[in-house]
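This document starts with one chain, in the form predicted alone, laid out as structure tokens.
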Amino acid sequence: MIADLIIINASNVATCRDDQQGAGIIENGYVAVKDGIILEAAAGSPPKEWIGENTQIIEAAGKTVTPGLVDAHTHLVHGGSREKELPLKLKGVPYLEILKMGGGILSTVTNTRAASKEQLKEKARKSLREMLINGTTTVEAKSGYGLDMETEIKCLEAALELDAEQSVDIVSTYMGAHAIPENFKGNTQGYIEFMFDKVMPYVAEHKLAEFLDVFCEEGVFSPQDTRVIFQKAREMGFKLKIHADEIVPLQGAELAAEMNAVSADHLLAASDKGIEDMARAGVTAVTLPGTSFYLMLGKYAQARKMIDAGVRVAIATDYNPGTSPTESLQTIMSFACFGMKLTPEEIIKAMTLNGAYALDRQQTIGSIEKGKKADLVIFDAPNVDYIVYHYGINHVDTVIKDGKVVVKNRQIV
């Protein structure tokens, strides 16, 4: 067998396999690829018979190879930005108060409705380029900034088209239950019925989203609202996600376990029982330390407690215009380390294999092992610790997507 591509002499290969402790580090290793699939990752040198005349050899001495990063929670497609809210944040105005002033989600809804699909795609395409240059090869993209039929469909179609037009894989989530639009103010049940009757059937029929997400929060959707939406979503074939216990403890983590959600996200106010329930039900916790940092909350999700309880913990950017405007998972590594006190190996695994679990993609991506897609990142760093230790810069040297080099020397090929 002749390999198409082989990375050789890597200082560290972080395999991030499920059956290994930590990030499964291989020292002085290689990774071989054939037809976009990983052949092998091991220490030492690859078999000579795998190297042919057309085999691409990538020298990685002094560098670290990881799986492609998986950003399992973003609000990728949206219009406008919200930098004008920054002074309010600096004055300590709570997010829910900004929402009541017409800012927050509702401000972005106005801008997203006004934008054409091509304008939304161009803005999102720019973000996807930034993500790819920073090592992200798979990203989840939520709707939820339309809150009407036309704009929600427009955003989901934009994500679907972008998935086919560029290198980063996009996993779509319908999140009409992100806020109550102005025309349904005071009529949450009416808005839920609108989603049931109009939007969700269309999204399901046209396969515009794999997941459905609900913002279960005080003043938005109650746990009972969320349960009803989840039941209907499951009947329509959606997999479930939940914005749970972000600001106020509403037993969102418990609900995620009860309803067998694939992931529960945020979780700053999750209870001990909720954490135990998630561990028992196999719900992946998607923590978003960038949001805690940006909102200056002074607290982070209890990732260490979750890990100790047996919960699989992922880490994502929560890229969005109001509460975490960054596309860089490398930036988020710093907040995960210094805010949640996680080790670099825990962080890398949380952003690869555990992120894949949060998207139900663990069988095909997230680790470096035989048979999985060859989504790989070569960091210009001698080990995983150095990537987190030397913060604030992009360490990516090369990104390989489906076995092809798509970024070299921090430039898209």
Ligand code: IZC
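Numbers for residues come from their place in the sequence shown, where the first is 1. Just so it is clear, the model here is predicted, and its values are computed rather than measured.
The form predicted together with this ligand exists for this protein as well; it is not shown, and the discussion that follows is about that form.
Note that among 188-196, 238-246, 221-229, 112-120, the stretch whose heavy atoms approach this ligand to within 4.5 Å in the model of the complex is 238-246.
Only one of Q251, Q302, T323, S127 comes within 4.5 Å of this ligand in the model of the complex through a heavy atom, and that residue is T323. Contact between Y174 and this ligand in the model of the complex is not found at the 4.5 Å heavy atom cutoff.
Put simply, F335 is far from this ligand in the model of the complex: not one heavy atom of it is within 4.5 Å. Using a 4.5 Å cutoff between non-hydrogen atoms, F215 counts as a contact of this ligand in the model of the complex. Looking at F211, you'd find every heavy atom of it more than 4.5 angstroms from this ligand in the model of the complex.
Scanning 163-197 for heavy atoms within 4.5 Å of this ligand in the model of the complex gives just one residue, H178.
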